[in-house]
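Next up: a single chain in structure tokens, the form predicted alone.
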């Protein structure tokens, strides 16, 4: 089944093909582009450490196994995928986050050959005990590298302060101890569960033809019986685990991250909740906001200051981060502004300005094949119609903003993470 989504306002369209396996293929044809970008992804990330298939028994696997599997999937009995892509002139990569794993390439020529490589290696795992053990040292070094990364530590320490049980508090790569427990059998268990096509998606944008991509998918995708995945997530209390955590690392200026933990009554936040959250963050923390101006004029922050809505399966929080010689003062002033906004609301003109900024960023995103693909990945991941966020933006009300603001910020349920000199 093929469905075309059009947005006449921005003169763009995305064509979606539902493969017989249940996998959806998203394509945005941009013949004027000189390059193309493709992602083959799965709804599987570092938080998926306990799961069952159908009515089966729950299996608990070592922390970091999703990231480990990503590394190993590039290997084969012959030439690894990176070497194959290098021969065609493509740039290839992959990433594992808390809730997804994606394999990608970009190229200016030989798209079909590169697309065949992508679909081939992702669907043909090759794990042996010897190659799995060999990878432990490589990933162990990567883990130690992140242990020395101040930006990563300020984030992970914050998540550890916000969450007591949820696996989002655990490093995506796991620990040296946890990855030592990984073996080929466990990798195949995870692969056969989460790399079922019914749990996956493909997104392509650039100088491509949609029908050719759909034909290639029909030729190359290996259909298997759909897998029903049951994810186990611990019952997380709403209150934070710690109000403050601080470590010392060699940094030129202290780093901070302030987190506001949010209730997760449903496993996933809706697209409307996410859009509203982004607009609220732009209103309160944007470069032209009163809060930003006070902090910047007082020399409490620099241009590294930012705010992010951080969410995934059964977790959600707002993170405000940056560099400051006085992180506690930044927290104090931020909380004062938030308390005032919660009582009085955000000014209508500030909301309208944030909506325009958000809208313009989304429109400008269609000038980049990579940005288009990442936007389609969000639609595929959440199973929401393409361009739906534009309808949400158009229909936002002050009532929506007030309600969402109160859901996002509970000052008494927040934590701060600091990396000091």
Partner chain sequence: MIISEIANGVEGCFIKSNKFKTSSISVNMFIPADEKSVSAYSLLYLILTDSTKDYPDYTSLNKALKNLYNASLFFFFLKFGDMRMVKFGISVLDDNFTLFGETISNKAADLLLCAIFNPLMENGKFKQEVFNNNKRILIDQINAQINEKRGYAISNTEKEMYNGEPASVKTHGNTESVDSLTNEDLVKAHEHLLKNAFVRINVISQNEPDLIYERFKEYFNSLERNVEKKNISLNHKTEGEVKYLEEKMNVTQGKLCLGFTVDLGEARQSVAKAAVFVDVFGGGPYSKLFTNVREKQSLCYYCAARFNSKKGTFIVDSGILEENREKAYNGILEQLEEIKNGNISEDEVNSSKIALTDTLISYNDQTATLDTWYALATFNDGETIEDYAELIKGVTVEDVIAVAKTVKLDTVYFLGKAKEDNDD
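Residue numbers count along the first chain shown, from 1. Computed from a predicted model, the values in this text were never measured in an experiment.
Separately, the form predicted together with its partner chain exists; it is not shown, and the next lines address it.
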Which of 255, 208, 173, 258 has a heavy atom within 4.5 Å of its partner chain in the model of the complex? 255
Work out which of 97, 287, 339, 230 lies within 4.5 Å of its partner chain in the model of the complex, going by heavy atoms. 287
Exactly one stretch in 268-276, 164-172, 145-153, 308-316 has heavy atoms within 4.5 Å of its partner chain in the model of the complex; which is it? 145-153
How about residue 108: is it within 4.5 Å of its partner chain in the model of the complex, going by heavy atoms? yes
Determine whether any heavy atom of residue 126 comes within 4.5 Å of a heavy atom of its partner chain in the model of the complex, and answer yes or no. no
Answer for residue 9 alone: is it within 4.5 Å of its partner chain in the model of the complex, judged on heavy atom distances? yes
Would residue 191 count as touching its partner chain in the model of the complex under a 4.5 Å heavy atom rule? no
Looking in the model of the complex, the residues of 356-370 with a heavy atom no more than 4.5 Å from its partner chain, listed in order, are 356, 357, 359, 360, 361, 363, 364, 366, 367
